[in-house]
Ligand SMILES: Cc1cc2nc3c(=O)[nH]c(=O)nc-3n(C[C@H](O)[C@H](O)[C@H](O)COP(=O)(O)OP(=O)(O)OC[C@H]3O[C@@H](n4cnc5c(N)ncnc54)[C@H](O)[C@@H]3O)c2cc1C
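We begin with a single chain expressed as structure tokens, specifically the form predicted alone.
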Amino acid sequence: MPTDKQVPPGSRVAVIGAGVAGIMAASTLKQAGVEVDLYEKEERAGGHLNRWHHLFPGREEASLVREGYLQQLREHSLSLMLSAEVKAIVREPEGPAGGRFRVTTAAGDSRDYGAVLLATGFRLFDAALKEEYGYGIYPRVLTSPELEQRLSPGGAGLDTETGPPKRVAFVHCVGSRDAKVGNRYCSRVCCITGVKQAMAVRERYPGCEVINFYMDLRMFGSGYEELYQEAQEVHGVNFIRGRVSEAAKTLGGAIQVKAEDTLLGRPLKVTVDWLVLLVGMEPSLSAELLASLALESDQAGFVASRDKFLQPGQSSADGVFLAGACGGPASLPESVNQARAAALSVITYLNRKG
């Protein structure tokens, strides 16, 4: 990507996290002539995209989309370090190095950089903390990523000992908008994920009844509302505004769900073959890295931007930038756009330093 100013020679940037945001930020920087090292703590790049089968709202094959991002790595010959968990990032004192950053991995390798871009993404809420749902106790209680794997090619599917499932229920906002677990914020993508997955279950098992228990349905993105309407009108998915209070295993291994229909003001008790928990996003950047860089976090614990209106990709620390869900819940397209914008902010910073 051309720029008006030449990036100072020798300026190298560390991008932490090789998910979608990290790959796109690194690719944008490399196209502008900036040398980049891309750190990934897992054994493969792609981040949470590796967990999904279809994407919303167009239901594209996740594997094809992932391959498109990985192609960016190959096309631009990006320096990718896998199984390289970053344990410390320390700003060196001002001097000949110009206040560079020293990045150290768990293996003890250290390198110096002119700037750091954080694309560490998010971690999934631990559904076991909602004990009333029985996750980790009852085999037929799943999280949304686990359902995605079961429905993917080669996955185990949802057949039980007695055959195809007759009824599947989804619970929205598991770990989000929940003061009891300390997460008051909305994770943004859980509602549309529940809609998409409900449709996938109905397509795979046409005779299966599907119920979605929700607090509010937040269809904020382009095409989301249309997908929600399709789920009801074409696929016959039932949406019940209500709270699930308890899930328990029956003698036959199914799950009995107790809930309240808050629109009708009456209690419900329904037995399902599978209960799917739509888990939300939580901050993933370690407290150690936050402290070592003197970064500020927002009230939800995500990395705070310096100015969410004028400098959304700049952290509170000079020379440290952020993109994607490390700054708060974000969809895949949002993460891509944030990554490109953050990369341009890095280039501006390097030019100003040089």
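Keep in mind that what you see is a predicted model, and the values were worked out from it rather than measured. Numbers for residues come from their place in the sequence shown, where the first is 1.
This next part talks about the form predicted in complex with the named molecule, which is not shown.
Shown without its partner, this chain lists Met281, Val244, Val168, Leu142 as candidates; in the model of the complex, only Met281 has a non-hydrogen atom within 4.5 angstroms of the named molecule.
Looking at the named molecule in the model of the complex, residues Trp52, Ala119 and Thr193 each place a heavy atom within 4.5 Å of it. From the list 160-168, 250-258, 266-274, 121-129, the contact stretch for the named molecule in the model of the complex under a 4.5 Å heavy atom rule is 121-129. Put simply, Ala325 is close to the named molecule in the model of the complex: some heavy atom of it is within 4.5 Å. Among heavy atoms of Ser335, some come within 4.5 Å of the named molecule in the model of the complex. The closest non-hydrogen atom of Gly47 lies within 4.5 Å of the named molecule in the model of the complex.
Taking the partner from the other structure, the named molecule in the model of the complex has no heavy atom within 4.5 Å of any heavy atom of Arg66. Scanning 28-42 for heavy atoms within 4.5 Å of the named molecule in the model of the complex gives Tyr39, Glu40, Lys41, Glu42 in sequence order.
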